[in-house]
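Have a look below at one chain only, the form predicted alone, in structure tokens format.
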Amino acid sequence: MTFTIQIENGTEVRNAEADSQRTLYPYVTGTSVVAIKYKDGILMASDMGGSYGSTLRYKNVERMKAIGKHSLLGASGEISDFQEILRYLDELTLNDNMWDDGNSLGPKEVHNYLTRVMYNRRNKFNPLWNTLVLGGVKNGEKYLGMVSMIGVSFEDNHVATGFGNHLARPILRDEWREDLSFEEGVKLLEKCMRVLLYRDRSAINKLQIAKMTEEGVTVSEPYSLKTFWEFKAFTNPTVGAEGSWLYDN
């Protein structure tokens, strides 16, 4: 598909043809987001790495944002597409506030909106390359859901994106419970993030944890986890691997 643009050259105005482009693959990406319900609301964790291909180019990328009064959004995938989604949500929140009717969008409404946005862009063959986690609390009701880049959505008591869907969800299935305290919830998220740090090459040891309650959103200052890298499987991972050129009897 082409479109016409006007180019001014002194007093002359002429038309030029330019091809419209699609994002064929993401450039700068963030890795896993992990979120759980706990006794008083929602807890969400993500690291602050931004990878340019396989290079950890940026180490101060915030991927969790408060949306309106009742919602918290986290994203993995293309950072620029996440910024575009935040612009959509700023417009949605502004339009909602302009009604000034005493009501405000809850997390379920925002989640449904994001599902429609992602599915709409997928149908245009121009998707937003993100997987989104949306949590929130409104009128004492906790909500936690996820949306994929093609608009597939669901809600659950705990969710994870990227490698977290494979490595963190099994931990959450074993150890999550509905009456987790804040301290227990943070400890569980840190355990998941530590496993991801060990196993995901795109993860970095600089993370934030966000808390969403009826009082609003609080995002922690960035911090690092204590790690241990002297496991035998780490120091010589090919021991016992049949056919490996490093195979050691």
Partner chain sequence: MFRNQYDTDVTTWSPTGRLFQVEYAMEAVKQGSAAIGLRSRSHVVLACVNKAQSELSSHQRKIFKVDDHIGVAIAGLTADGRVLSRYMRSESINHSFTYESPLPVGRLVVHLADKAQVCTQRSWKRPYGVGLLVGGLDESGAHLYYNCPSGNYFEYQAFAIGSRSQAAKTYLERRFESFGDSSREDLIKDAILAVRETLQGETLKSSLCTVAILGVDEPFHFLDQEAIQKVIDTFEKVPEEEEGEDEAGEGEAEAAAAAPAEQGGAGAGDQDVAPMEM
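Positions refer to the first chain, counted from 1. This one's a predicted model, so the numbers in the text were calculated from it and none came from an experiment.
The next section is about a form of this same protein that is not shown, the form predicted together with its partner chain.
Exactly one of the stretches 76 to 84, 170 to 178, 125 to 133, 89 to 97 approaches its partner chain in the predicted complex with heavy atoms within 4.5 Å, and it is 89 to 97. The listed set N165, N157, S148, N112 contains one residue whose heavy atoms approach its partner chain in the predicted complex to within 4.5 Å, identified as N112. When contacts are judged by a 4.5 Å heavy atom cut-off, D101 counts as touching its partner chain in the predicted complex. Not displayed here, its partner chain is approached by L105 to within 4.5 Å at the level of heavy atoms in the predicted complex.
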